[in-house]
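Before any questions on binding or motion, here is one chain by itself as structure tokens, the form predicted alone.
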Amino acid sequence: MRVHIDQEKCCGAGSCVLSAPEVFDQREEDGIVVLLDAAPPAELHDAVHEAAAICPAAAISVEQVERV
């Protein structure tokens, strides 16, 4: 899995941080999303998919990466 964020789209709702705090954080000054782990471990994949699904600004995208 590869996680991408678009800080220009982010509205600072913080739902991603609540869903997957190991992967997402927010900037102190404006609440915009900060990506902590662009390739999270398998046990966090469900939480990351949930964060992407509930993001009100659609600022999170998830790409499935095949391991060789």
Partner chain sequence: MTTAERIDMERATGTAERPAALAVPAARADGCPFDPAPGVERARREDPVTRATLWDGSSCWLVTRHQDVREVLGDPRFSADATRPGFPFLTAGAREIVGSNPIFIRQDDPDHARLRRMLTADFMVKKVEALRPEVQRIADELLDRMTDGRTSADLVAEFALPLPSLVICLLLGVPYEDHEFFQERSRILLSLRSAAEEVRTASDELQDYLIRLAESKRQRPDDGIVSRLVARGELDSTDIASMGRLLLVAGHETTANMTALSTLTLLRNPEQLARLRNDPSLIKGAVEELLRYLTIVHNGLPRIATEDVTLGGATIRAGEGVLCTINTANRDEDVFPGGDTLDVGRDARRHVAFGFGVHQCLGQPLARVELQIALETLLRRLPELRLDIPFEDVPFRHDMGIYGVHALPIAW
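Keep in mind it's a predicted model, so treat the numbers as computed, not measured. Positions refer to the first chain, counted from 1.
Heads up, the form predicted together with the partner chain isn't pictured, but that's what we're talking about next.
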Task: Distance check, Q7 to the partner chain in the predicted complex, heavy atom within 4.5 Å - done: yes
Task: Contact label in the predicted complex: E22 to the partner chain, heavy atom within 4.5 Å - done: no
Open item on the list: Under a 4.5 Å heavy atom criterion, is E43 part of the interface with the partner chain in the predicted complex?
Closed with: no
Task: Contact label in the predicted complex: C55 to the partner chain, heavy atom within 4.5 Å - done: yes
Open item on the list: Where, within 20-35, is there a heavy atom within 4.5 Å of the partner chain in the predicted complex? Residue list please.
Closed with: D25, Q26, R27, E28, E29, D30, G31, I32
